[in-house]
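Coming up is one lone chain in structure tokens, specifically the form predicted alone.
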Amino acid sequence: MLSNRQNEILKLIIEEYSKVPVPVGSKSICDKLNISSATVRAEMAKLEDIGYLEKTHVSSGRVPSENGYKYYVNNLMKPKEMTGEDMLNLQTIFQNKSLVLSDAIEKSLEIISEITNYTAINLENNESRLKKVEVVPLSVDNLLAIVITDNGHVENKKIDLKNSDLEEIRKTVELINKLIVGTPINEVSEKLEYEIKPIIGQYIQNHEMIYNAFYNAFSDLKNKDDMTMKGKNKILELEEFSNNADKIKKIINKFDDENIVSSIKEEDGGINVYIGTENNIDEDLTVIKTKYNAKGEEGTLAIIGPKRMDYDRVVSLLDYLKSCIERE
């Protein structure tokens, strides 16, 4: 463990560097702790030897190392008290009873991304089941298929059917509701293929066109990404990456990779911090995430930012958002 003075110095350096990514020199530490420059330099050298600080080539100042951040999060950081404005903004969303949970989470992520300037993600565990299918005619050749799941989620899919018979469409929907209601959404397409397709011709004359339309609609819903990402391009605004186009391109490409983003999924219900090499996005980023469970609807909330992240504020925001969701 570090001495009290070393703890103070490391904490100050990390908090200063989180504001502006410029190496922190001994003078700013001296002014805040009212100790001599020689003492500060000696303590900074010890922290560097331990591996908690690093010296850059362009300055006599120091920057936190990955291990320094980990020590700070585990031993020095205290969650920052949220502002009344931040709490009110999130509370207002969840008090709006016209919003389903997924919409409330999406709007909350927009707010958190804006106030932190980081990327915010929600990964839903899609284990919902089909509750009901409805169709609404839009025009002679178009209709809207409405899919309702058992957890209250509603999806709309526009279907183009030229020269279709509304009575045959009604029969198709009736057959779907009779035979596959209760099926997990991810298995609906398979059940259509093996249980509906072999018998639909017995009930519906123009069955191929109608069947294919519904099969494609359900396939789209199955393949629809259960991930919401807000502030993906916030990475472009980070000063440490502003002159590194290759780094930005690499990170953005990973944000666009569904397999990489899906692996952010969290199993632990606590607020967990993955710094640098601990996450699978990039060694220069931090991922803070948690799992939520609201009336059986589960998912992962994550905030992605630089290693010099404002950890205390992000942890508080994520914890508060989790509590808002689980109170629903």
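No experiment lies behind these values; they were computed from the predicted model shown. Definition used throughout: the rigid core is the maximal C-alpha set that superposes within 1.5 Å between two forms. Position 1 is the first residue in the sequence shown; the rest follow in order.
Although it is not shown, the form predicted together with a further copy of the same chain is what the next lines describe.
S.K.: Looking at 112-120, 177-185, 251-259, 83-91, which one sits within 4.5 Å of a further copy of the same chain in the predicted complex if you count heavy atoms only?
M.R.: One stretch meets the cut-off, namely 251-259.
S.K.: Hey, in the predicted complex, is residue 211 touching a further copy of the same chain, heavy atoms inside 4.5 Å?
M.R.: No, residue 211 stays farther than 4.5 Å from a further copy of the same chain in the predicted complex.
S.K.: With the cut-off set at 4.5 Å between non-hydrogen atoms, does residue 166 touch a further copy of the same chain in the predicted complex?
M.R.: No.
S.K.: Check whether residue 244 has any heavy atom within 4.5 Å of a heavy atom of a further copy of the same chain in the predicted complex, and answer yes or no.
M.R.: Close contact exists here: in the predicted complex, residue 244 approaches a further copy of the same chain to within 4.5 Å, heavy atoms only.
S.K.: Can you work out whether residue 76 and a further copy of the same chain are in contact in the predicted complex, taking contact to mean some heavy atom pair no more than 4.5 Å apart?
M.R.: Result no; residue 76 lies far from a further copy of the same chain in the predicted complex.
S.K.: Only one of 173, 229, 159, 192 has a non-hydrogen atom within 4.5 angstroms of a further copy of the same chain in the predicted complex; which is it?
M.R.: Contact with a further copy of the same chain in the predicted complex is made by 159 alone.
S.K.: Quick one: of 43, 297, 266, 284, which gets a non-hydrogen atom within 4.5 angstroms of a further copy of the same chain in the predicted complex?
M.R.: After the contact test, the surviving option is 297.
S.K.: I want to check residue 177: does it shift between the shown form and the other one by 2 Å or more at the Cα, with the core superposed?
M.R.: Where the cores coincide, residue 177 still shows a C-alpha shift between the shown form and the other one that is 2 Å or more.
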